[in-house]
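Given next, in structure tokens, is a single chain: the form predicted on its own.
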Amino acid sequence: MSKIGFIGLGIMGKPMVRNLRKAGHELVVYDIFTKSIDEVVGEGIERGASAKDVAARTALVITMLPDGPEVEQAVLGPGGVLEGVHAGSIVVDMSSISPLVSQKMAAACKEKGVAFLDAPVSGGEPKAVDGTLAIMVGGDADTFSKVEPILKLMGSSVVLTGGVGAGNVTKLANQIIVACNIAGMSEALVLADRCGVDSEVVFNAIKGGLAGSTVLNAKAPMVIARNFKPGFRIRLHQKDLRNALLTAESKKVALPLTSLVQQMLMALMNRGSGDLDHSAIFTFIEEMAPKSES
């Protein structure tokens, strides 16, 4: 597996490809946006003509796409991975999608004699760039052992969480915690500001206590600086929470807090903020608490 196929060169996929190349792997890449391919081909990475072409030229194919429909198109659609893949190859989908879609992909791959793992990631663009993503994997242990060294070139934490679909269940759990954490942080910082207490002082005072978290450390400085340049976009987090709610509904699990934050994200998207960083949940909370003129 010295030559790796990679499909999806977005905000996350591009730095992941570069880390694989930096480690010495040859790559064949494809994206529906040719500009994205152009940006990396000059770095010694080969251009794929289609997802089918990428699969035909490699034994390991990684997909990193926005959502389930895009994964289905890339894997099952015309000119897709399964039209070019060889028996014995491995497909690793690192997209954040519904666990049910992951299981559908695995079944289709199995019919072709191809192994499948779902391996969604957490950490956003900064951790994709420095190769320290958290990678949550679902699938069989033998396939995992074959690709684990490659996944560790993109992540500092790589954990097999169960069978196919378990990776995306774990990612949905992660996204619930992150979203609710950002919403709670936003409420706290808005309250501090409206009470006349400096938000940065509050952050520095609480970050070493029980309220401290990786989310707080990453997102509070962005909120304080009003820097909402996307590391992880609102529209993508909204998609993840939608998948969490659909999965929960199928299991008759109530997720009241997740539902509330998902509605906040939807409202932000409706006002044109979908491509801002998810820390911009703060602006939704802030607008509900206008400053007093007294």
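Only the largest set of C-alpha atoms that superpose within 1.5 Å between the two forms is called the rigid core. Heads up: residue numbers just count along the shown sequence, starting at 1. From a predicted model like this one, the values you see are computed outputs, not experimental measurements.
Omitted here: the form predicted in complex with a small molecule. The next part is about that form.
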{"query": "In the predicted complex, the residue from Gly165, Gly84, Gly124, Gly155 that sits within 4.5 Å of the small molecule by heavy atoms", "finding": "Gly124"}
{"query": "Sole residue of Leu268, Ala244, Leu236, Val40 within 4.5 Å of the small molecule in the predicted complex, by heavy atom", "finding": "Leu236"}
{"query": "The small molecule contact at Ser102 in the predicted complex, heavy atom, 4.5 Å", "finding": "no"}
{"query": "is_contact(Glu26, the small molecule) in the predicted complex, heavy atom dist at most 4.5 Å", "finding": "no"}
{"query": "Residue contact check: Ile11 to the small molecule in the predicted complex, 4.5 Å heavy atom", "finding": "yes"}
{"query": "Close approach of Lys219 to the small molecule in the predicted complex, 4.5 Å, heavy atom", "finding": "no"}
{"query": "In the predicted complex, segment of 259 to 267, 65 to 73, 41 to 49, 244 to 252 with a heavy atom within 4.5 Å of the small molecule", "finding": "65 to 73"}
{"query": "Lys171: Cα shift of 2 Å or greater between this form and the one not shown (core-aligned)", "finding": "no"}
